[in-house]
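Below you will find one chain, with nothing else, as structure tokens; this is the form predicted alone, and questions on how it binds or moves follow later.
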């Protein structure tokens, strides 16, 4: 069979530290990457721009937050504000004549600086107190964006993104915007898969499990937490800039509200804390499941299969969606990534089964 552990021998640390210990995993990832890169050739523009593109961008946002919540164990309920900083900063930088490539990096740095200032509260508080500190960041950034016309143009203003190019190529078509977003999401995926194997990643896990014990074995909680907030905020700021230029094409304060932060936390929790594949699955579930459920329920209602009132029908998809999230968290608290891992391990030994005691 093509998907087996047969012939895979863990005889050295180098072999055991490989990203893909099973050769089929590597070829599967390559195949998925090729399919994703060629998506503009076989996916209609409607589905590419409405489903695939936002899924890729929000997966990058979920990966950015997973570094902080999944590895470092630091709760963050204001991550939409970090993305808003990156989005508005990139637009103003490009309008000031800064090249788009440099504007992306600078917007990430600005978001990292501001995010680290508020994340500094993590050095003294934990749990719900840290949640309150990040909520303060969310509401403060919202207030500044709405009440400072120099940033957003006003509470009801829409700030359009200028025409830009990336590496001397114009970003003016749907396909080019999709490839830019995909490249950033793939870069974050590769970074996240490798950071867990580094000393920094192991320090994050040690801080998450027990910061006092981590300090005893030589991990500096002060530096590690600050680095985690800065790195996560940098990635979130760049993701916010890509979201503005590649998907929204125009930003308003409502696009980065508190509800967006809750959705990002839901993506991380439903997908699975600290999981790369979980970030992609969680973003896809939170983003696309309500759309599919709405279309399904509307189709059943049109065919007479759901004889309910129109008012109840408008709320039914959200009710099903909420029940699905609760069901996932009750049946598998480790998220969709664990369900995927269970299926994968099942096929590793199929058609044989482990002996039951």
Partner chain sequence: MAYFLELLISGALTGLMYSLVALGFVLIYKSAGVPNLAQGALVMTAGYAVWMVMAWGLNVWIAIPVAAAIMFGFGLIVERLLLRRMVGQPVIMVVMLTLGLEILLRGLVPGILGSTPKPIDLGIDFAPIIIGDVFINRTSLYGGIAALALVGASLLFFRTRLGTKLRAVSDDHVSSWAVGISVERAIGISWGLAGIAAVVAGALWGSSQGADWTLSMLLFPAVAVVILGGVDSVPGVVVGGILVGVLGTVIPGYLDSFAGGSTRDVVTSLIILLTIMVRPFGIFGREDIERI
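Numbering follows the first chain given and starts at 1. Here the structure is a predicted model, which is why all the values come from computation and not from measurement.
Another form exists, predicted in complex with its partner chain; not displayed. Remarks below refer to it.
Colleague: Among the candidate stretches 106-114, 234-242, 140-148, 180-188, which one is within 4.5 Å of its partner chain in the predicted bound form when only heavy atoms are counted?
Modeller: Of the stretches listed, the one contacting the partner is 140-148.
Colleague: Does its partner chain come within 4.5 Å of any heavy atom of residue 127 in the predicted bound form?
Modeller: Taking the distances in the predicted bound form, the answer for residue 127 is yes, it comes within 4.5 Å of its partner chain.
Colleague: Is residue 330 a contact residue for its partner chain in the predicted bound form, using a 4.5 Å heavy atom cut-off?
Modeller: Yes, residue 330 is a contact residue.
Colleague: Please tell me whether any heavy atom belonging to residue 169 falls inside 4.5 Å of a heavy atom of its partner chain, as the geometry stands in the predicted bound form.
Modeller: Output for residue 169 is no: heavy atoms all beyond 4.5 Å of its partner chain.
Colleague: Quick check on residue 216: any heavy atom within 4.5 Å of its partner chain in the predicted bound form?
Modeller: Close contact is absent here: in the predicted bound form, residue 216 is far from its partner chain, nothing within 4.5 Å, heavy atoms only.
Colleague: Since exactly one of 175, 193, 102, 262 fits, which has a heavy atom within 4.5 Å of its partner chain in the predicted bound form?
Modeller: Contact with its partner chain in the predicted bound form is made by 262 alone.
Colleague: Counting non-hydrogen atoms within 4.5 angstroms of its partner chain in the predicted bound form, say which of 38, 30, 318, 300 makes the cut.
Modeller: Only one listed residue qualifies here, and that residue is 318.
Colleague: Within 4.5 Å of its partner chain in the predicted bound form, do 205, 276 and 338 each have at least one heavy atom?
Modeller: No, because 205, 276 and 338 lack any heavy atom that approaches its partner chain to within 4.5 Å in the predicted bound form.
Colleague: Are there residues in 201-218 with a heavy atom within 4.5 Å of its partner chain in the predicted bound form, and which are they, in order?
Modeller: If the 4.5 Å heavy-atom criterion is applied to its partner chain in the predicted bound form, 201-218 yields 210, 211, 212.
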